[in-house]
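Presented below, as structure tokens, is a lone chain in the form predicted on its own.
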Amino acid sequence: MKYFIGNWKMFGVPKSVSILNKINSYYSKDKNRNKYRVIITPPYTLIESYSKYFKNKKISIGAQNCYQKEQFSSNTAAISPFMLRSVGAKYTLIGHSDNRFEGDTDLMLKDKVKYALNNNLKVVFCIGENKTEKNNKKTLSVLKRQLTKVLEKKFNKNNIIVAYEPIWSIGTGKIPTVNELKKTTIYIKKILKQIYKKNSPGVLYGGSVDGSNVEMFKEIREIDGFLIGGASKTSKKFIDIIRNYYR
């Protein structure tokens, strides 16, 4: 099963649901629809209405982050996994480079993953190296650290997906070569196997994915899908990615 996950970031108002309607309508009729899942993570403000609206449809709704406490607390503006689940979210991103940059530490991320899983949310755990780390040939050691500091053997691997997003690629139009990406994905799967022994979580790629470059990823069998940023904000671009991938 492949995943096409759209991360809207700070974008969207109630009427933006029309974008999802078009994606849902394409998905419902696509002859390849049993091969993949579509998940969209809009901002917190839209999760409840979108979850209700798509309850019996094909698209799943997720959150872009959650707070590192389980249920309720006195943290102003914080939103817990329990609260997300109660408004219909099925997934949550955790560890996106935006949030790491804003101060999410490995310790916080571990709590987020733990509490999200406790509340029956599927976790899309984001990892990735920055430009300096890449230039200093530190990619693999950075990814290993990010994975082993947060993911534990006791976590339910069936509810975890890992998304590799090189920070230097997000929104820049630069993407790794097929060779680099293949090597990196195989390495990530190797580390996940060390943590989980057998059947490790799926690994997605994210970072400047669009309709014109998605075909090159087809030859990397190890990739289980995509985390899509900017291109998920218009139905045409998002549908183009799916269509071109299965072309």
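Residue numbers run from 1 along the displayed sequence. All values derive from a computational prediction rather than experimental measurement.
There is another form of this protein, the form predicted in complex with ligand 13P, and it is not shown here; the text below is about that form.
In the predicted bound form, does I228 come within 4.5 Å of ligand 13P, counting heavy atoms only?
Heavy-atom contact with ligand 13P at 4.5 Å: present for I228.
is_contact(S208, ligand 13P) in the predicted bound form, heavy atom dist at most 4.5 Å
Contact check for S208: yes, within 4.5 Å of ligand 13P in the predicted bound form.
Should K9 be classed as touching ligand 13P in the predicted bound form when contacts are defined as heavy atoms within 4.5 Å?
Close contact exists here: in the predicted bound form, K9 approaches ligand 13P to within 4.5 Å, heavy atoms only.
Indicate whether ligand 13P has at least one heavy atom within 4.5 Å of a heavy atom of E165 in the predicted bound form.
Taking the distances in the predicted bound form, the answer for E165 is yes, it comes within 4.5 Å of ligand 13P.
Choose from 169-177, 149-157, 110-118, 75-83 the stretch whose residues reach within 4.5 Å of ligand 13P in the predicted bound form, heavy atoms counted.
Of the options, only 169-177 has residues within 4.5 Å of the partner.
Using a 4.5 Å cut-off on any heavy atom, which residues of 77-112 would contact ligand 13P in the predicted bound form?
Counting only heavy atoms within 4.5 Å of ligand 13P in the predicted bound form, the single contacting residue of 77-112 is H96.
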